[in-house]
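The chain that follows stands alone, in the form predicted on its own, written as structure tokens.
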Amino acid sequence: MSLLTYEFMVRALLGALFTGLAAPAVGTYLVQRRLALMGDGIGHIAVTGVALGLLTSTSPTLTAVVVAVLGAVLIEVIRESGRTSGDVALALLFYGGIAGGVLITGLAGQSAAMLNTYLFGSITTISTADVWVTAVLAAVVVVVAVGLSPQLFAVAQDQEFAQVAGLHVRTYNLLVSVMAAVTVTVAMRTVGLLLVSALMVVPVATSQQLTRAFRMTLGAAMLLGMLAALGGVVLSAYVNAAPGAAIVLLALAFFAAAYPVGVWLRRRQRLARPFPGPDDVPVPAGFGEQHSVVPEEHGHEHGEQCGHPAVPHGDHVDYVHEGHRHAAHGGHYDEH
């Protein structure tokens, strides 16, 4: 009998679909900012939000969203202040969030089993209302992550350059943090608060093994996340295992399969360029869009009157155009 004949499985697959798309979309920017574990910190903060919902007899999802967003903003403020490192800020909120959640759950008279459904996920019990909430929040996250990808990538890659280019760095950093908080709460019924960070990071790491351009990395990560989420739910149904664990293990299996391919691709690229020139700049795997040659049919001539911000760069001047820096080089432009 097909799994689609069961209504709860249809709801579970829909929830997994939306979660699998949204989590890697945000995770791509977190990985680029070297904040891969931020999802873990926010997840533990959200435990307090879930407990507050149980205590006040309101929606745990709603209270978790509010608390997670506040925690994410606080993490970003502490990081930006420079008074302590991001790791310390995450650790402080990590322990405070999980301890507060356990304490408040006990005060609410709820058992540990109730909290476990949020800690480790319980996608097969997701309701129709939960599916709608997940769909709406995930859609917002994906639209923002894809629609503002040039700005968000510029800020994540080089904050000083982004500031010179006129971008509001603090605003975009806070936006990524808020999206991460929303994604964590969206995924808590799918993979659980303790495993959500894996769905945000592992598909991105897998995509980086196979792609060079940033947009390709973002798209491939979302595709891999969706496949891992859907495949994990189906696999768990047939082997009678926890869906959250199955999703994460399947995502890790994708990474294990992609890693040797990535090693082979990088080796081929090195052999194709055995004599690197002095102007070659190493680029992190998965984000190679930062330095490429724009064809001569660029369609725009940069200069003092072109209206694009000029940024001094060594012995020449770059012009900020469509989220990238263009530098005149003979009959074409180098795109950084």
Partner chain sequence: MLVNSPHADADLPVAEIRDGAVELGGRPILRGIDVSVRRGEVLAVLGANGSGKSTLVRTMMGLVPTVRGQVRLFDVPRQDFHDWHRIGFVPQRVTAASGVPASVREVVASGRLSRRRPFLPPRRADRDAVEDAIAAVGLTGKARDGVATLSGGQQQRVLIARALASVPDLLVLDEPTAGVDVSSQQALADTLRTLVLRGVTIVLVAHELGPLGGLVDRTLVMRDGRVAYDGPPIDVFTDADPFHVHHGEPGRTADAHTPAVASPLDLTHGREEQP
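Positions refer to the first chain, counted from 1. No experiment lies behind these values; they were computed from the predicted model shown.
Quick note: we don't show the form predicted together with its partner chain, though the next part is all about it.
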Contact with its partner chain in the predicted bound form for residue 161, defined as at least one heavy atom pair within 4.5 Å: yes or no? yes
Heavy atom of residue 157 within 4.5 Å of its partner chain in the predicted bound form: yes
Does any heavy atom of residue 260 come within 4.5 Å of a heavy atom of its partner chain in the predicted bound form? no
Proximity of residue 165 to its partner chain in the predicted bound form, heavy atoms at 4.5 Å: yes
Please identify, from 204 to 212, 71 to 79, 177 to 185, 234 to 242, the stretch that has a heavy atom within 4.5 Å of its partner chain in the predicted bound form. 204 to 212
Candidate from 96, 106, 150, 219 lying within 4.5 Å of its partner chain in the predicted bound form - any heavy atom: 150
In this chain shown alone, the residue from 256, 136, 143, 129 with a heavy atom within 4.5 Å of its partner chain in the predicted bound form is 143
Output flag, 19, 171 and 173 jointly within 4.5 Å of its partner chain in the predicted bound form, heavy atom basis: no
In sequence order, which positions of 29 to 54 have a non-hydrogen atom within 4.5 Å of its partner chain in the predicted bound form? 31, 32, 34
